[in-house]
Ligand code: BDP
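This document starts with one chain, in the form predicted on its own, laid out as structure tokens.
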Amino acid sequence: MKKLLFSLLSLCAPLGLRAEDGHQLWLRPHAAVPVTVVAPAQKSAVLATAKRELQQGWQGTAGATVALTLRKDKAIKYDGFRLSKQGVQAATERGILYGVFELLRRQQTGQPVAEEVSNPSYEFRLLNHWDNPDGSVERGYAGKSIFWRKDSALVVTGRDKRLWQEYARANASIGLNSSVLNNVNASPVILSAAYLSRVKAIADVLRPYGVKTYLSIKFSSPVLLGGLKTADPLDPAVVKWWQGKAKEIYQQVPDFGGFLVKASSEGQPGPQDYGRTHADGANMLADVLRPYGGLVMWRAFVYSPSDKDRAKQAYNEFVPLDGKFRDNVIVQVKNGPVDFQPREPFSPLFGALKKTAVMPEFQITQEYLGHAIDLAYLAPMWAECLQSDTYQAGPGSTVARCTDGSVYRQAHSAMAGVSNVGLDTNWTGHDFAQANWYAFGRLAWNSSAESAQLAEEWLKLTFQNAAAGSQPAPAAADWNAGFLAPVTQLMLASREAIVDYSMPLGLHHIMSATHGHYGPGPWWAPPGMRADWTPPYYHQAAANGVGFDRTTAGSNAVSQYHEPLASQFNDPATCPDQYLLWFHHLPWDFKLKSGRTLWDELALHYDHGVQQVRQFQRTWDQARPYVDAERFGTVQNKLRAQSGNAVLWKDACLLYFQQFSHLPIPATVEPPMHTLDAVIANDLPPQRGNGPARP
């Protein structure tokens, strides 16, 4: 009934003001004016795509002539381009395509077009899809997989191809050039003949948009799929099996990108099962792929129950292997040392691996940041990591510069994001979650891009001229003041608000796993569960204080950071407040830089997060005249649900920690609406608004 109502309303609305469902992302169509495109003569699917996009989206002078020129230039790197009012010059066909999208983006957002060169920060810019062969998506909150379903080994439909084309176009428009099509917790069936046939069909659709396909593989596939007795990477029979499989893949997909591997991690099989190292496993696969130009992306997300501090293990395992990996291996490192938390210090592996190519891995899907319910613009979080100074090669050795080839010479550079894409009509479950897909691509292209600029770009491309009701679209000045400025500020504050109402001051991993890492659960520790999968392991709350002691007197994780960071993090007087309880176990009455006690500061942060979300509601309500009715109502309902969830987080955490602090909640903090007993007894499921539930 709701969809029918919106359809009827759209018929009554003036042309151009119909309800929108978000499916067109930031690529909403515009009435193009004629343009003459002078393109290279050679036949090329990518060049044909670039020419078509220019002709269908040109907003410049009617009848203008735009030249697309393929020519090498010392100033142009990778798939970069030279932009001018006369056209686009690039050394590669993909560079031409990216230049065209940049030209159109500037026209649509009102940015000037000047003579300049734009080069990508990273050579490979990837989406990692945690999609399973049965169509489910691990940590997916936007419906089923766009690539796989239960009969996906048998049938490729026209609908499949149209969806893949739309997906590829969206990626190309923001400079993404690679897609890993399946889950890092890989099924061996993905390498079977039937599934490789579908991989070929997907690759054929993505290729005209310059997007290469990759696969995640299960390390034990030679045993599970090939019938061998071992998957030992140094066994000649195993090497031969992988050589045959690589040949089979490249016969179907000649430009196949390579493998992403999660091995010897979280129960996944790997080289350590056979007494071998990560380098042994990665290098075997790298040698298999080398004749075809393929890459191995080997994840450093490893830990076992043996170490007293899970945050230390990746560093301990990989630093001794520095320099032992082939040059077509890239070690993929999560932004923080634990697991995509709302806030973590950067992983100490960044900069510590000096002879090994390292790529940052970020999570676009909101596993720990509110799923597709809470509004969380994540560009500030990723920028926080990328611009963090590691000091590994002196001041200015930022995470970005340590991974893009600026500080250390490496054969390849890359940046990956765990995708939030699914079959939901709007692709990402939450209309504002589209901004994270957009911002990730733009940051992978330019790691120093400003979060505010990316937010403004996305808002202009996604919402401008989408007014509600029968009123004409507002004037630009009114739209900028009434919508663009306040909603940009909402987006920029959104991630910090979630940190405040869930895990402030360095708290981390204190969510309940009952609802897939969504709601609060500092008490969550089922009998028999390994300690480092439970919140009490991380918060260590007791009568004498709270926090994880990673100082030299504790786990000594601070020693994995280069000076001056090690000393700065080790001292609570100099440790940034945002990491305080990450590195320190402190008394409840410890005095912070604000002059307040730790308990009072904690309570104020929780309350501030709740108040922020309520302000987001007010800001969005005032945006009603500038937004089409369908998306306005959807976002409004999501914010209403988020407001309730924020209160639940505040109440549950403060009441739980109060058991240990025995201190009153400050009078300036909103009193709890829930009781702790009720929250724990029910482990209350999150409110979800009108959005889709997790599959």
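Start at 1 with the first residue shown and count on from there. Just so we're clear, the structure is a prediction, and the values are computed from it rather than from any experiment.
Not on display, but discussed next: the form predicted in complex with the named molecule.
Novice: Of these, 589, 322, 266, 327, which has a heavy atom no more than 4.5 Å from the named molecule in the predicted complex?
Specialist: Partner contact (heavy atom, 4.5 Å) among the options: 266.
Novice: Have a look at 218, 442, 125, 299 for me and say which one sits with a heavy atom within 4.5 Å of the named molecule in the predicted complex.
Specialist: Answer to the contact question: 299.
Novice: Within 4.5 Å of the named molecule in the predicted complex, do 377, 501 and 608 each have at least one heavy atom?
Specialist: No: none of 377, 501 and 608 comes within 4.5 Å of the named molecule in the predicted complex.
Novice: Check residue 138 for me: does it contact the named molecule in the predicted complex (non-hydrogen atoms, 4.5 angstroms)?
Specialist: Close contact exists here: in the predicted complex, residue 138 approaches the named molecule to within 4.5 Å, heavy atoms only.
Novice: Should residue 309 be counted as a contact of the named molecule in the predicted complex, where contact means heavy atoms within 4.5 Å?
Specialist: Close contact is absent here: in the predicted complex, residue 309 is far from the named molecule, nothing within 4.5 Å, heavy atoms only.
Novice: In the predicted complex, is there a heavy atom of the named molecule that lies within 4.5 Å of any heavy atom of residue 82, even though the partner is absent here?
Specialist: No, residue 82 is distant from the partner.
Novice: Residue 184 versus the named molecule, in the predicted complex: is there a non-hydrogen atom within 4.5 Å?
Specialist: Looking in the predicted complex, residue contacts with the named molecule include residue 184, since a heavy atom lies within 4.5 Å.
Novice: Among the candidate stretches 360-368, 154-162, 276-284, 580-588, which one is within 4.5 Å of the named molecule in the predicted complex when only heavy atoms are counted?
Specialist: Of the options given, it is 360-368.
Novice: Though the partner is not shown here, which residues of 242-264 have a heavy atom within 4.5 Å of the named molecule in the predicted complex?
Specialist: Contacts from 242-264: just 262.
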